[in-house]
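Below you will find one chain, with nothing else, as C-alpha coordinates; this is the form predicted alone, and questions on how it binds or moves follow later.
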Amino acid sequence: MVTHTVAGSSMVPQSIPAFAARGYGFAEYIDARNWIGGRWSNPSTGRWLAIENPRHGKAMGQVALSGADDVDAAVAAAKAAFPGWRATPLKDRAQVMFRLKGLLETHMEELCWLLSHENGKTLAEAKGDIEKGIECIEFGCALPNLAQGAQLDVSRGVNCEVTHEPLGVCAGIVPFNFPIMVPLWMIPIVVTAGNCFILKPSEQVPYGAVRLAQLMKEAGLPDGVFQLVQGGREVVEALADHPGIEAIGFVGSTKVAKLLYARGAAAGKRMLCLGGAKNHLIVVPDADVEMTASNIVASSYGCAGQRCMASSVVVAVGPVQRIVDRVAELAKAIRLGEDMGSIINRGSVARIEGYIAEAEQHGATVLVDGRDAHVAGNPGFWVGPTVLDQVSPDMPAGCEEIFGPVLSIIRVATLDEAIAIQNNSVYGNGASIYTSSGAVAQYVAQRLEAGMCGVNVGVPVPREPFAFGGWKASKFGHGDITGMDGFHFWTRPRKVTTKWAPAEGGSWMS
(Lines give C-alpha, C1' and ligand atoms only; values in the text may rest on other atoms or scores of the structure.)
Protein backbone atom coordinates (compact mmCIF):
# COMPACT_ATOMS: atom_id res chain seq x y z
CA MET A 1 0.00 0.00 0.00
CA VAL A 2 1.17 3.54 -0.78
CA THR A 3 0.95 6.38 1.70
CA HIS A 4 0.41 9.95 0.66
CA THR A 5 0.16 13.42 2.17
CA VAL A 6 -2.75 15.79 1.72
CA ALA A 7 -3.16 19.38 2.73
CA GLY A 8 -4.73 19.82 6.16
CA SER A 9 -8.20 21.29 6.46
CA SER A 10 -9.96 22.91 9.39
CA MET A 11 -13.28 21.72 7.97
CA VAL A 12 -13.56 18.12 9.18
CA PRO A 13 -16.99 16.47 8.80
CA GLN A 14 -18.45 15.67 12.23
CA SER A 15 -21.24 13.37 11.03
CA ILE A 16 -20.74 9.81 9.82
CA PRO A 17 -23.10 8.56 7.11
CA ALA A 18 -24.49 5.06 7.33
CA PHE A 19 -22.77 2.48 5.15
CA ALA A 20 -25.23 1.96 2.32
CA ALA A 21 -24.06 -1.21 0.55
CA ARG A 22 -26.15 -4.37 0.96
CA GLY A 23 -24.19 -6.74 -1.23
CA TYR A 24 -20.64 -7.79 -2.04
CA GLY A 25 -20.29 -5.36 -4.95
CA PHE A 26 -17.67 -2.66 -4.48
CA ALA A 27 -18.73 0.49 -2.60
CA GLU A 28 -16.79 3.56 -1.52
CA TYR A 29 -17.05 4.96 1.99
CA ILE A 30 -15.66 7.77 4.13
CA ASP A 31 -12.14 8.63 5.26
CA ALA A 32 -11.30 7.17 8.69
CA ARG A 33 -10.11 9.92 11.03
CA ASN A 34 -9.16 10.24 14.68
CA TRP A 35 -11.79 10.61 17.39
CA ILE A 36 -10.31 12.83 20.11
CA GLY A 37 -12.21 14.77 22.76
CA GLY A 38 -15.54 13.96 21.15
CA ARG A 39 -14.61 15.31 17.70
CA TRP A 40 -13.28 13.90 14.43
CA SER A 41 -9.90 15.27 13.44
CA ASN A 42 -7.28 14.87 10.74
CA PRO A 43 -3.85 13.47 11.61
CA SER A 44 -1.20 15.97 12.65
CA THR A 45 1.19 14.30 10.18
CA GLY A 46 -0.97 15.01 7.13
CA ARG A 47 -0.38 11.42 6.00
CA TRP A 48 -3.02 8.94 4.82
CA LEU A 49 -3.20 5.32 3.64
CA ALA A 50 -5.63 3.69 1.22
CA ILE A 51 -8.20 1.31 2.75
CA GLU A 52 -8.54 -1.59 0.33
CA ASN A 53 -11.60 -3.78 -0.01
CA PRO A 54 -9.92 -7.23 -0.08
CA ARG A 55 -12.58 -8.75 -2.33
CA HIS A 56 -11.88 -6.18 -5.00
CA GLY A 57 -8.33 -5.00 -4.31
CA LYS A 58 -9.60 -1.45 -4.60
CA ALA A 59 -9.57 1.52 -2.21
CA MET A 60 -12.91 2.32 -0.57
CA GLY A 61 -11.49 5.27 1.37
CA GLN A 62 -8.38 6.34 3.23
CA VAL A 63 -7.25 6.15 6.85
CA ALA A 64 -5.26 8.67 8.85
CA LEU A 65 -1.64 7.79 9.63
CA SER A 66 -1.24 9.63 12.90
CA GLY A 67 1.83 10.36 14.99
CA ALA A 68 3.00 11.03 18.51
CA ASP A 69 1.32 14.46 18.60
CA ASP A 70 -2.06 12.81 18.00
CA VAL A 71 -1.39 10.35 20.84
CA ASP A 72 -0.49 13.31 23.07
CA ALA A 73 -3.78 14.99 22.22
CA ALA A 74 -5.75 11.81 22.94
CA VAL A 75 -4.03 11.29 26.29
CA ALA A 76 -4.69 14.92 27.27
CA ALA A 77 -8.40 14.61 26.44
CA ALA A 78 -8.62 11.32 28.34
CA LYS A 79 -6.88 12.76 31.39
CA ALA A 80 -9.34 15.65 31.41
CA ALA A 81 -12.31 13.26 31.27
CA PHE A 82 -11.00 10.74 33.81
CA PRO A 83 -11.93 12.46 37.12
CA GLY A 84 -15.58 12.84 36.14
CA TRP A 85 -15.85 9.35 34.68
CA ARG A 86 -14.15 7.78 37.67
CA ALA A 87 -16.61 9.56 39.98
CA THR A 88 -19.58 8.22 37.98
CA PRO A 89 -21.15 5.27 39.84
CA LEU A 90 -20.35 1.86 38.39
CA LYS A 91 -24.02 1.14 37.75
CA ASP A 92 -24.33 4.35 35.71
CA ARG A 93 -21.21 3.50 33.69
CA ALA A 94 -22.72 0.10 32.92
CA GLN A 95 -25.89 1.77 31.61
CA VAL A 96 -23.85 3.22 28.74
CA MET A 97 -22.90 -0.33 27.76
CA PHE A 98 -26.56 -1.38 27.91
CA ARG A 99 -27.40 1.36 25.44
CA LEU A 100 -24.42 0.47 23.23
CA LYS A 101 -25.63 -3.13 23.06
CA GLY A 102 -29.02 -1.94 21.82
CA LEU A 103 -27.46 0.32 19.20
CA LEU A 104 -25.28 -2.49 17.85
CA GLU A 105 -28.36 -4.69 17.55
CA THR A 106 -30.29 -1.90 15.81
CA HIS A 107 -27.49 -1.31 13.30
CA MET A 108 -26.59 -4.98 12.89
CA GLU A 109 -27.24 -5.27 9.15
CA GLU A 110 -25.29 -2.13 8.28
CA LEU A 111 -22.35 -3.11 10.49
CA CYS A 112 -22.22 -6.63 9.05
CA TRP A 113 -21.92 -5.31 5.52
CA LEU A 114 -19.35 -2.71 6.58
CA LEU A 115 -17.14 -5.33 8.22
CA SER A 116 -17.51 -7.61 5.21
CA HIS A 117 -16.33 -4.87 2.88
CA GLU A 118 -13.34 -3.70 4.91
CA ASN A 119 -12.18 -7.16 6.03
CA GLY A 120 -13.28 -9.51 3.25
CA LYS A 121 -15.41 -11.71 5.54
CA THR A 122 -18.60 -13.33 4.40
CA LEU A 123 -21.74 -11.68 5.74
CA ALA A 124 -22.33 -14.59 8.15
CA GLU A 125 -18.79 -14.30 9.53
CA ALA A 126 -19.21 -10.55 10.00
CA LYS A 127 -22.40 -11.17 11.97
CA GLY A 128 -20.56 -13.63 14.19
CA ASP A 129 -17.89 -10.99 14.82
CA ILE A 130 -20.50 -8.51 16.06
CA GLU A 131 -22.56 -11.04 18.01
CA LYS A 132 -19.50 -12.16 19.98
CA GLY A 133 -18.70 -8.51 20.64
CA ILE A 134 -22.22 -8.01 21.99
CA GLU A 135 -21.67 -10.96 24.33
CA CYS A 136 -18.61 -9.16 25.70
CA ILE A 137 -20.71 -6.03 26.21
CA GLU A 138 -23.21 -8.10 28.17
CA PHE A 139 -20.39 -9.15 30.48
CA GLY A 140 -19.46 -5.50 30.95
CA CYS A 141 -23.07 -4.74 31.82
CA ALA A 142 -22.90 -7.44 34.52
CA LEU A 143 -19.91 -5.89 36.31
CA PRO A 144 -22.07 -4.11 38.89
CA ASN A 145 -23.08 -7.60 40.06
CA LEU A 146 -19.60 -9.13 39.75
CA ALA A 147 -17.09 -6.47 40.70
CA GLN A 148 -17.98 -5.85 44.32
CA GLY A 149 -15.03 -5.75 46.68
CA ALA A 150 -14.66 -7.66 49.92
CA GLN A 151 -14.49 -6.74 53.60
CA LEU A 152 -13.87 -8.67 56.77
CA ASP A 153 -13.41 -7.98 60.48
CA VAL A 154 -9.92 -9.44 60.71
CA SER A 155 -9.41 -8.73 64.40
CA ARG A 156 -11.19 -7.08 67.33
CA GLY A 157 -12.13 -3.63 66.15
CA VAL A 158 -10.17 -3.96 62.90
CA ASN A 159 -11.78 -4.19 59.47
CA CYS A 160 -10.07 -4.79 56.11
CA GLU A 161 -11.76 -3.78 52.84
CA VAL A 162 -10.69 -4.25 49.22
CA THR A 163 -12.00 -2.17 46.32
CA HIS A 164 -11.02 -2.30 42.64
CA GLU A 165 -9.96 1.11 41.39
CA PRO A 166 -9.50 2.23 37.76
CA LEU A 167 -5.96 2.78 36.54
CA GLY A 168 -6.54 5.99 34.59
CA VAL A 169 -5.78 6.26 30.87
CA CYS A 170 -5.39 2.88 29.14
CA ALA A 171 -4.93 1.81 25.53
CA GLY A 172 -5.69 -1.10 23.21
CA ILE A 173 -4.03 -2.14 19.96
CA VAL A 174 -6.04 -4.60 17.86
CA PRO A 175 -5.60 -6.63 14.63
CA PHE A 176 -7.41 -6.70 11.30
CA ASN A 177 -9.23 -10.01 11.62
CA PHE A 178 -12.06 -9.02 14.00
CA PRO A 179 -12.74 -5.27 13.66
CA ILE A 180 -15.59 -5.23 16.23
CA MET A 181 -15.12 -8.27 18.47
CA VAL A 182 -11.51 -7.77 19.59
CA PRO A 183 -11.98 -4.09 20.54
CA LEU A 184 -15.02 -5.24 22.53
CA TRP A 185 -12.87 -7.77 24.39
CA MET A 186 -11.48 -4.65 26.04
CA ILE A 187 -13.84 -1.66 25.84
CA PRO A 188 -16.82 -2.86 27.96
CA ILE A 189 -14.52 -3.93 30.81
CA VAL A 190 -11.95 -1.14 30.77
CA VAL A 191 -14.53 1.65 30.41
CA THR A 192 -17.12 0.24 32.81
CA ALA A 193 -14.32 -0.19 35.36
CA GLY A 194 -13.91 3.60 35.28
CA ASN A 195 -10.90 4.09 32.99
CA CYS A 196 -10.55 6.21 29.88
CA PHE A 197 -9.46 4.29 26.79
CA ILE A 198 -7.50 4.96 23.60
CA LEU A 199 -7.99 2.46 20.77
CA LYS A 200 -5.56 1.96 17.88
CA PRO A 201 -7.34 -0.23 15.31
CA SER A 202 -5.59 -1.94 12.44
CA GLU A 203 -4.96 0.56 9.67
CA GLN A 204 -6.28 -2.10 7.27
CA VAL A 205 -9.76 -2.17 8.86
CA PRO A 206 -10.48 1.13 10.63
CA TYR A 207 -14.20 1.43 9.90
CA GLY A 208 -15.53 -0.87 12.61
CA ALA A 209 -13.78 1.25 15.24
CA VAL A 210 -15.09 4.46 13.64
CA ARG A 211 -18.65 3.21 13.97
CA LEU A 212 -18.01 2.05 17.56
CA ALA A 213 -16.85 5.56 18.46
CA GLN A 214 -19.97 7.07 16.95
CA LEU A 215 -22.30 4.57 18.63
CA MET A 216 -20.66 5.06 22.03
CA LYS A 217 -21.27 8.79 21.66
CA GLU A 218 -24.93 8.05 20.89
CA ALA A 219 -25.05 5.74 23.92
CA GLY A 220 -24.13 8.65 26.18
CA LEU A 221 -20.42 8.07 26.80
CA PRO A 222 -18.88 11.42 27.85
CA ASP A 223 -16.40 13.04 25.48
CA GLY A 224 -12.83 12.01 26.19
CA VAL A 225 -13.62 8.67 27.80
CA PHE A 226 -13.06 6.86 24.50
CA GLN A 227 -10.45 8.04 21.98
CA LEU A 228 -9.62 6.64 18.58
CA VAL A 229 -6.15 7.21 17.10
CA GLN A 230 -5.69 5.78 13.63
CA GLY A 231 -2.31 4.81 12.26
CA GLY A 232 0.47 2.26 12.16
CA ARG A 233 3.77 1.56 13.87
CA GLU A 234 4.38 5.19 14.84
CA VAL A 235 1.19 5.26 16.90
CA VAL A 236 1.93 1.89 18.52
CA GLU A 237 5.37 3.07 19.63
CA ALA A 238 3.98 6.38 20.91
CA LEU A 239 1.37 4.54 22.98
CA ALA A 240 4.00 2.20 24.43
CA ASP A 241 6.29 5.10 25.37
CA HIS A 242 3.75 7.66 26.59
CA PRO A 243 4.08 8.31 30.34
CA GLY A 244 0.40 9.17 30.64
CA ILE A 245 -0.81 5.68 29.68
CA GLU A 246 -1.03 3.17 32.53
CA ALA A 247 -1.84 -0.10 30.74
CA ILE A 248 -1.99 -1.54 27.22
CA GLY A 249 -3.80 -4.55 25.82
CA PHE A 250 -2.61 -5.95 22.49
CA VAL A 251 -3.77 -8.69 20.12
CA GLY A 252 -1.66 -9.61 17.10
CA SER A 253 1.36 -11.63 16.05
CA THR A 254 3.76 -13.20 18.54
CA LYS A 255 6.69 -11.24 17.11
CA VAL A 256 5.01 -7.88 17.74
CA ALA A 257 3.45 -9.01 21.03
CA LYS A 258 6.85 -9.90 22.45
CA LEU A 259 8.49 -6.65 21.32
CA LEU A 260 5.60 -4.49 22.51
CA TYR A 261 5.41 -6.24 25.87
CA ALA A 262 9.09 -5.56 26.50
CA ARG A 263 8.86 -1.93 25.38
CA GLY A 264 5.75 -1.10 27.38
CA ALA A 265 6.95 -2.92 30.50
CA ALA A 266 10.26 -1.06 30.32
CA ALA A 267 8.24 2.16 30.37
CA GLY A 268 6.51 1.02 33.56
CA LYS A 269 3.19 0.02 32.03
CA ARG A 270 0.96 -2.90 32.83
CA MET A 271 1.00 -5.00 29.64
CA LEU A 272 -1.08 -7.91 28.33
CA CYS A 273 -0.10 -8.91 24.80
CA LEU A 274 -1.74 -11.84 23.00
CA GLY A 275 0.25 -13.36 20.15
CA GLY A 276 -0.05 -16.03 17.50
CA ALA A 277 -0.90 -19.72 17.50
CA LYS A 278 -0.46 -23.11 15.89
CA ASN A 279 -3.54 -24.96 17.07
CA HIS A 280 -3.61 -28.77 16.88
CA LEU A 281 -6.67 -30.98 16.54
CA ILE A 282 -5.89 -34.54 17.60
CA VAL A 283 -8.09 -37.13 15.85
CA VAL A 284 -8.29 -40.75 17.00
CA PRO A 285 -9.98 -43.70 15.23
CA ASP A 286 -13.15 -43.72 17.35
CA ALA A 287 -14.02 -40.10 16.49
CA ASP A 288 -17.37 -39.52 14.80
CA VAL A 289 -16.58 -39.08 11.12
CA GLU A 290 -19.13 -36.48 10.10
CA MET A 291 -18.97 -34.35 13.25
CA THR A 292 -15.18 -34.40 13.27
CA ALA A 293 -14.72 -33.61 9.59
CA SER A 294 -17.28 -30.80 9.54
CA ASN A 295 -15.82 -29.29 12.73
CA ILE A 296 -12.29 -29.39 11.34
CA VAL A 297 -13.34 -27.72 8.09
CA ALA A 298 -15.30 -24.99 9.89
CA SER A 299 -12.37 -24.35 12.23
CA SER A 300 -9.70 -24.31 9.53
CA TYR A 301 -11.46 -22.26 6.88
CA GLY A 302 -13.74 -19.95 8.86
CA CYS A 303 -12.63 -16.34 8.29
CA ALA A 304 -10.30 -17.78 5.62
CA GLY A 305 -8.14 -19.18 8.42
CA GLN A 306 -7.22 -15.64 9.49
CA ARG A 307 -7.85 -16.06 13.21
CA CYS A 308 -5.67 -17.13 16.10
CA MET A 309 -8.08 -19.94 17.01
CA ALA A 310 -8.14 -21.56 13.56
CA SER A 311 -7.08 -25.19 13.52
CA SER A 312 -4.03 -25.32 11.29
CA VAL A 313 -2.84 -28.87 12.13
CA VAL A 314 -4.68 -32.17 12.35
CA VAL A 315 -2.64 -34.79 14.19
CA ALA A 316 -4.03 -38.05 12.78
CA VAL A 317 -3.55 -40.94 15.22
CA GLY A 318 -3.59 -44.35 13.58
CA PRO A 319 -6.21 -45.44 11.01
CA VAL A 320 -8.31 -42.30 10.49
CA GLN A 321 -8.13 -42.14 6.68
CA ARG A 322 -11.91 -41.98 6.28
CA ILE A 323 -11.94 -38.77 8.35
CA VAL A 324 -9.08 -37.28 6.31
CA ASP A 325 -10.93 -38.17 3.10
CA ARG A 326 -14.10 -36.52 4.36
CA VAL A 327 -12.19 -33.37 5.37
CA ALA A 328 -10.75 -33.12 1.86
CA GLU A 329 -14.18 -33.70 0.32
CA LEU A 330 -15.80 -30.94 2.41
CA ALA A 331 -12.90 -28.55 1.74
CA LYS A 332 -13.32 -29.00 -2.01
CA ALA A 333 -17.03 -28.22 -1.70
CA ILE A 334 -16.49 -24.78 -0.14
CA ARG A 335 -17.66 -22.01 -2.48
CA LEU A 336 -15.04 -19.29 -2.46
CA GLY A 337 -16.62 -15.86 -2.09
CA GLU A 338 -19.83 -17.29 -0.60
CA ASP A 339 -18.85 -19.82 2.07
CA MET A 340 -15.38 -18.37 2.61
CA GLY A 341 -14.14 -14.81 2.22
CA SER A 342 -10.98 -13.24 0.89
CA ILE A 343 -7.45 -12.77 2.22
CA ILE A 344 -6.68 -9.38 3.76
CA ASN A 345 -4.05 -8.19 1.26
CA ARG A 346 -1.83 -9.16 -1.66
CA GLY A 347 1.24 -9.74 0.50
CA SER A 348 -0.62 -12.26 2.63
CA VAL A 349 -1.66 -14.20 -0.48
CA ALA A 350 1.98 -14.51 -1.54
CA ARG A 351 3.04 -15.58 1.97
CA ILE A 352 0.32 -18.25 2.26
CA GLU A 353 0.99 -19.67 -1.20
CA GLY A 354 4.68 -19.73 -0.33
CA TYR A 355 3.99 -22.05 2.60
CA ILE A 356 2.04 -24.40 0.32
CA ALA A 357 4.81 -24.53 -2.29
CA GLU A 358 7.49 -25.05 0.35
CA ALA A 359 5.58 -27.93 1.97
CA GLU A 360 5.17 -29.58 -1.43
CA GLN A 361 8.91 -29.23 -2.08
CA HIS A 362 9.63 -30.88 1.29
CA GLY A 363 7.52 -33.93 0.45
CA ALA A 364 4.01 -33.05 1.60
CA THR A 365 1.06 -34.17 -0.53
CA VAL A 366 -1.36 -31.44 -1.64
CA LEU A 367 -4.79 -33.07 -1.29
CA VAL A 368 -6.68 -29.83 -1.94
CA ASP A 369 -4.89 -26.91 -3.62
CA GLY A 370 -6.14 -23.37 -3.06
CA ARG A 371 -3.43 -21.57 -5.02
CA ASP A 372 -4.30 -19.31 -7.95
CA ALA A 373 -7.88 -19.02 -6.72
CA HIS A 374 -10.25 -16.55 -8.38
CA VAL A 375 -13.81 -15.33 -7.81
CA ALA A 376 -15.72 -13.95 -10.77
CA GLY A 377 -16.37 -10.23 -10.44
CA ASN A 378 -14.21 -9.97 -7.32
CA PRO A 379 -10.62 -9.38 -8.52
CA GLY A 380 -9.13 -9.11 -5.06
CA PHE A 381 -7.03 -11.31 -2.83
CA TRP A 382 -7.93 -14.99 -2.70
CA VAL A 383 -6.54 -18.33 -1.55
CA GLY A 384 -8.84 -21.33 -1.62
CA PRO A 385 -9.12 -24.05 1.05
CA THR A 386 -5.95 -26.13 1.08
CA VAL A 387 -5.22 -29.52 2.66
CA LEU A 388 -1.62 -30.74 3.00
CA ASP A 389 -1.02 -34.40 3.96
CA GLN A 390 2.17 -36.12 5.14
CA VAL A 391 3.44 -32.93 6.78
CA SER A 392 6.19 -33.32 9.36
CA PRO A 393 6.29 -31.26 12.57
CA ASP A 394 9.54 -29.58 11.52
CA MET A 395 8.25 -28.31 8.17
CA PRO A 396 7.32 -24.60 8.26
CA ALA A 397 3.75 -25.60 7.40
CA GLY A 398 3.80 -27.92 10.41
CA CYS A 399 5.13 -25.54 13.03
CA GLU A 400 4.77 -21.90 11.92
CA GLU A 401 1.63 -19.78 11.99
CA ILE A 402 0.41 -19.44 8.40
CA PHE A 403 -2.72 -17.37 9.17
CA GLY A 404 -4.58 -18.54 6.12
CA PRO A 405 -6.83 -21.36 4.85
CA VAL A 406 -4.18 -24.09 4.99
CA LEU A 407 -4.66 -27.30 7.00
CA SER A 408 -1.63 -29.53 7.59
CA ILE A 409 -2.06 -33.22 8.45
CA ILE A 410 0.64 -34.90 10.54
CA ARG A 411 0.47 -38.70 10.86
CA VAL A 412 1.44 -40.46 14.12
CA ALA A 413 0.97 -43.94 15.57
CA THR A 414 0.14 -43.17 19.20
CA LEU A 415 -1.79 -40.70 21.31
CA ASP A 416 1.30 -39.75 23.29
CA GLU A 417 3.12 -38.84 20.06
CA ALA A 418 0.21 -36.56 19.16
CA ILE A 419 0.24 -34.84 22.56
CA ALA A 420 4.02 -34.37 22.32
CA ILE A 421 3.69 -32.59 18.95
CA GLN A 422 1.30 -30.01 20.43
CA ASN A 423 3.35 -29.63 23.59
CA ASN A 424 6.61 -29.14 21.65
CA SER A 425 5.12 -26.19 19.80
CA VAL A 426 6.30 -22.76 20.91
CA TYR A 427 2.65 -21.71 20.90
CA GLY A 428 -0.02 -22.66 23.41
CA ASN A 429 -3.24 -20.97 22.36
CA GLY A 430 -5.71 -23.77 21.62
CA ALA A 431 -5.88 -27.54 21.07
CA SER A 432 -8.62 -30.15 20.83
CA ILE A 433 -9.18 -33.90 20.90
CA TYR A 434 -11.77 -35.69 18.74
CA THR A 435 -12.91 -38.94 20.28
CA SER A 436 -15.98 -40.86 21.48
CA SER A 437 -14.16 -41.95 24.63
CA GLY A 438 -14.43 -39.93 27.83
CA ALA A 439 -11.27 -41.56 29.15
CA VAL A 440 -9.28 -40.55 26.06
CA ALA A 441 -10.69 -37.02 26.21
CA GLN A 442 -9.71 -36.62 29.85
CA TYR A 443 -6.27 -38.11 29.28
CA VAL A 444 -5.50 -35.67 26.47
CA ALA A 445 -7.11 -32.55 27.95
CA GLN A 446 -5.11 -32.92 31.16
CA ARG A 447 -1.81 -33.14 29.26
CA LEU A 448 -2.10 -30.52 26.51
CA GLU A 449 0.11 -27.45 26.90
CA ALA A 450 -2.53 -24.96 25.76
CA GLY A 451 -4.59 -22.35 27.53
CA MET A 452 -7.84 -23.21 25.73
CA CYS A 453 -8.66 -26.88 25.13
CA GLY A 454 -11.60 -28.56 23.47
CA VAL A 455 -13.24 -31.96 23.30
CA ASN A 456 -14.95 -32.45 19.94
CA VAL A 457 -14.84 -28.65 19.52
CA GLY A 458 -12.88 -27.16 16.63
CA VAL A 459 -12.65 -23.62 17.99
CA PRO A 460 -12.37 -23.96 21.78
CA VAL A 461 -13.00 -20.29 22.55
CA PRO A 462 -14.49 -19.88 26.03
CA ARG A 463 -17.81 -18.06 26.17
CA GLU A 464 -18.32 -15.23 28.62
CA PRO A 465 -17.82 -15.11 31.58
CA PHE A 466 -14.90 -17.50 30.98
CA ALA A 467 -11.74 -15.73 29.87
CA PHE A 468 -9.82 -15.82 26.57
CA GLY A 469 -6.06 -16.36 26.66
CA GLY A 470 -3.36 -18.84 25.72
CA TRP A 471 -0.06 -20.07 27.13
CA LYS A 472 3.62 -19.96 26.13
CA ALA A 473 4.42 -17.71 23.14
CA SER A 474 0.72 -17.07 22.55
CA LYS A 475 0.62 -14.60 25.44
CA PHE A 476 2.97 -12.19 27.18
CA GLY A 477 1.72 -10.89 30.51
CA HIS A 478 -0.36 -12.20 33.37
CA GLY A 479 -4.01 -13.22 33.23
CA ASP A 480 -6.45 -13.29 30.32
CA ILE A 481 -7.98 -10.51 28.24
CA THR A 482 -11.69 -11.10 28.95
CA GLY A 483 -13.84 -12.15 31.91
CA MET A 484 -12.86 -11.28 35.47
CA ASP A 485 -9.20 -11.62 34.54
CA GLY A 486 -9.75 -8.68 32.22
CA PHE A 487 -11.43 -6.69 34.98
CA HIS A 488 -8.50 -7.31 37.30
CA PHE A 489 -6.02 -6.33 34.56
CA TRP A 490 -7.68 -2.94 34.01
CA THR A 491 -8.04 -2.17 37.73
CA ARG A 492 -5.86 -2.19 40.84
CA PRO A 493 -6.91 -3.29 44.33
CA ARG A 494 -7.04 -0.74 47.12
CA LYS A 495 -6.84 -2.24 50.62
CA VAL A 496 -8.19 -0.15 53.50
CA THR A 497 -7.64 -1.28 57.09
CA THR A 498 -9.79 0.56 59.66
CA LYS A 499 -9.79 0.74 63.46
CA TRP A 500 -12.11 3.03 65.42
CA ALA A 501 -11.67 1.89 69.01
CA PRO A 502 -8.76 0.45 71.00
CA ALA A 503 -8.90 -3.26 71.78
CA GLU A 504 -7.68 -4.65 75.08
CA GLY A 505 -4.71 -7.00 74.87
CA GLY A 506 -4.02 -6.13 71.24
CA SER A 507 -0.66 -6.11 69.47
CA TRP A 508 0.57 -3.79 66.71
CA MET A 509 -1.48 -5.88 64.29
CA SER A 510 -4.77 -5.12 66.10
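All residue numbers refer to positions in the sequence shown, first residue = 1. Since we're looking at a predicted model, the values are computed, not measured.
Keep in mind that the form predicted together with a small molecule is missing from the display, and what follows is about it.
Contact annotation: the small molecule lies within 4.5 Å of heavy atoms from the stretch 401-409 in the predicted bound form, the single such stretch among 137-145, 401-409, 374-382, 114-122. When the small molecule is considered in the predicted bound form, only one residue from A213, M271, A287, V251 comes within 4.5 Å through any heavy atom, namely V251. The contact residue chosen from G264, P175, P183, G370 relative to the small molecule in the predicted bound form is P175, the criterion being a non-hydrogen atom within 4.5 angstroms.
Using a 4.5 Å cut-off to the small molecule in the predicted bound form, not one of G67, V71 and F489 places a heavy atom inside that distance. Contact annotation for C308: at least one heavy atom lies within 4.5 Å of the small molecule in the predicted bound form. In the predicted bound form, the small molecule lies within 4.5 Å of some heavy atom of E203. Looking at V256, you'd find a heavy atom of it within 4.5 angstroms of the small molecule in the predicted bound form. By the criterion of a heavy atom within 4.5 Å, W48 is excluded from the residues contacting the small molecule in the predicted bound form.
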